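Take a look at this single chain, the form predicted alone, given in structure tokens.
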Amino acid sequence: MSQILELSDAKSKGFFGRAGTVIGRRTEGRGIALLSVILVIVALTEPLVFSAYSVTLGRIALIGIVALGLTAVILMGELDLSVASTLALSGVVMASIPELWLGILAALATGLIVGLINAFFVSVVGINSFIATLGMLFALRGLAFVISDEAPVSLVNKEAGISFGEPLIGPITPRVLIFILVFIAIQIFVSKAQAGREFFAVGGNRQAARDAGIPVTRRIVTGFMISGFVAALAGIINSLERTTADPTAGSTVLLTAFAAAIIGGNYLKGGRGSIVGTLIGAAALGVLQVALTISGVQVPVQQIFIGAILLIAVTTDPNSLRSVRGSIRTLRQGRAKNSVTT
């Protein structure tokens, strides 16, 4: 009934009313709106961003890869703060092994093991995912420093790293191609595979999911292993392109990846979200970061912009707005009762 009233009200407002309702009802609505605003502003102020599309696509890909892995965890109402440290540790592990392909396999295995450990603490031990992955964030970063002896580790096969960064077709580099493949794989998984669709049920109502026979623990393990694997993949890509693994790498990735997922309409409490929305959020932040970089804005200031956008995205979430309206309504009713009583 409320949906019918919303649609009829939007129709009475004309085109903009209908557009606002559609955007508000879509999971990706805020991401689409923000991307549109950023594209218009950037086109007017820094049009060079669109001609330097290879740089822009590369930035979107790095943000997006980590954000896509995070989305698998967020859909179930969990958090993974360890992705940045997983990225750094995986890169160090890969660079520390002389044989490149063996190093890549070891790095990917590292990501899977990190995800498995996170899932164990969350689903078996029962520790809140924020606390569990926060602890892993510090532990993995420390481990990366120990393995690297607190110094960047150069790849033995630098030629392979240099060739990895070269374009394949037009502006499409291996980084962008891997990002596209990761997006397709996770999108198919959460939309077509039964296990992926059950992520939404686990995030929406965990007890109801258990009552329905969904293996909740197994799904949480799968989600965290996806997040760890994808973060490790980002670490491999980053280290290959730089031909060096830095134990401090990924320090700005966590905030940006989370911002991309939340801007894309993924609900932090789980049960609602979209892989496409995460893609849109990554595109918006990637374009913004490249524009700010071209404008000469320093990285710390860029983080201020991203933090502000994240706050706007969270506070404009429909559920948050409904809660605020409910609180205001309750406050007014309380005041009205008090005035009648007096």
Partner chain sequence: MTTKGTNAETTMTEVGATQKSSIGVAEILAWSSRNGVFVFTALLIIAALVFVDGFASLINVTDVFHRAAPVGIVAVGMTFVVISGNYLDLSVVAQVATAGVILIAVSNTHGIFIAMVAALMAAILFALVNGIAVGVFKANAVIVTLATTFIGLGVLRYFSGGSIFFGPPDGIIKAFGMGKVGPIPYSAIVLLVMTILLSILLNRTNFGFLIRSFGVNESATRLGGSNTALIVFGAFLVTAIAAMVAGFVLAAFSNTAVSNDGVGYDFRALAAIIVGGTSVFGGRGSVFRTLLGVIFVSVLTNILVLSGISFGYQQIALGALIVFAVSLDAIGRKVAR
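Note that the structure is a prediction, hence the values are computed from the model and not measured. Positions refer to the first chain, counted from 1.
The next section is about a form of this same protein that is not shown, the form predicted together with its partner chain.
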property	result
Site test, E46, A52 and R175 vs its partner chain in the predicted bound form, non-hydrogen atom cutoff 4.5 Å	no
Stretch in contact in the predicted bound form with its partner chain, which is absent here, among 244-252, 223-231, 155-163, 105-113 (heavy atoms within 4.5 Å)	244-252
In the predicted bound form, I262 touching its partner chain (heavy atom, 4.5 Å)	yes
L310, heavy atom within 4.5 angstroms of its partner chain in the predicted bound form	yes
Its partner chain contact in the predicted bound form: P171, any heavy atom under 4.5 Å	no
Heavy atom of V216 within 4.5 Å of its partner chain in the predicted bound form	no
Answer option from A33, L292, V276, V314, heavy atom within 4.5 Å of its partner chain in the predicted bound form	V314
Within 4.5 Å of its partner chain in the predicted bound form: residues from 193-217 (heavy atom criterion)	N205, Q207
